[in-house]
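A single chain, nothing else alongside it, follows as structure tokens in the form predicted on its own.
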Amino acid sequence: MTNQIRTRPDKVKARQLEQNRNLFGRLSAAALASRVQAQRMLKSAGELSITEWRVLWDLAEAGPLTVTEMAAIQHTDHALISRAIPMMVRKGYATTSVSQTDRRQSLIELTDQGRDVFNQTSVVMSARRAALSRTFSEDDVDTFIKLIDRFEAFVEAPLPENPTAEAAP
């Protein structure tokens, strides 16, 4: 029994070392840690969710926009943004109107109150981006983006449902 207890930490350590090279798990963990950090910073600057912050940022920089356009800009799910818009309208941060070019789409526009909230919050989020740029050079970021692009292409490409069937003669 004691032998089994002694070898367990070795097995755990070996498994941790193996999982440190698991890109699926590492990217997921890094994304989660990034969200937690952003949520903490947004909470210190006000009561915005990450989605609300990103919508305000997009509208401040490129608005008015459709939900589809914001989803494309943010590399995120259309539904995530769609769910955030009604609350942002109720809070007075944004307005919606029917798009003149495609009447099936709504245009979301920043209000003066939304711009004020964006300006207040952007100080904190700009500091976060500045800290990141002190950690990663422009070349580092370019390399990282290229690697993420390759990873995304891999996970978006179809794989056989049973990969072992492909290897059989």
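Quantities reported herein were computed from a predicted structural model and do not represent experimental measurements. Quick note: we count residues from 1 along the sequence shown, nothing fancier.
Keep in mind that the form predicted in complex with the DNA is not shown, yet the notes after this line are about it.
Between the DNA and the residues Asn119, Thr143, Gln105, Thr111, the one pair within 4.5 Å by heavy atoms in the model of the complex involves Gln105. With respect to the DNA in the model of the complex, the three residues Leu32, Ser49 and Arg83 uniformly fall within 4.5 angstroms at the level of their nearest heavy atom. Contact check for Thr95: no non-hydrogen atom falls within 4.5 Å of the DNA in the model of the complex. Using a 4.5 Å cutoff between non-hydrogen atoms, Lys91 does not count as a contact of the DNA in the model of the complex. Residue contact check for Ser28: one or more of its heavy atoms lie within 4.5 Å of the DNA in the model of the complex.
Put simply, Leu132 is far from the DNA in the model of the complex: not one heavy atom of it is within 4.5 Å. Here the chain stands by itself, but in the model of the complex one stretch of 134-142, 119-127, 56-64, 37-45, 37-45, has heavy atoms within 4.5 Å of the DNA.
Along 118-133, not one residue places a heavy atom within 4.5 Å of the DNA in the model of the complex.
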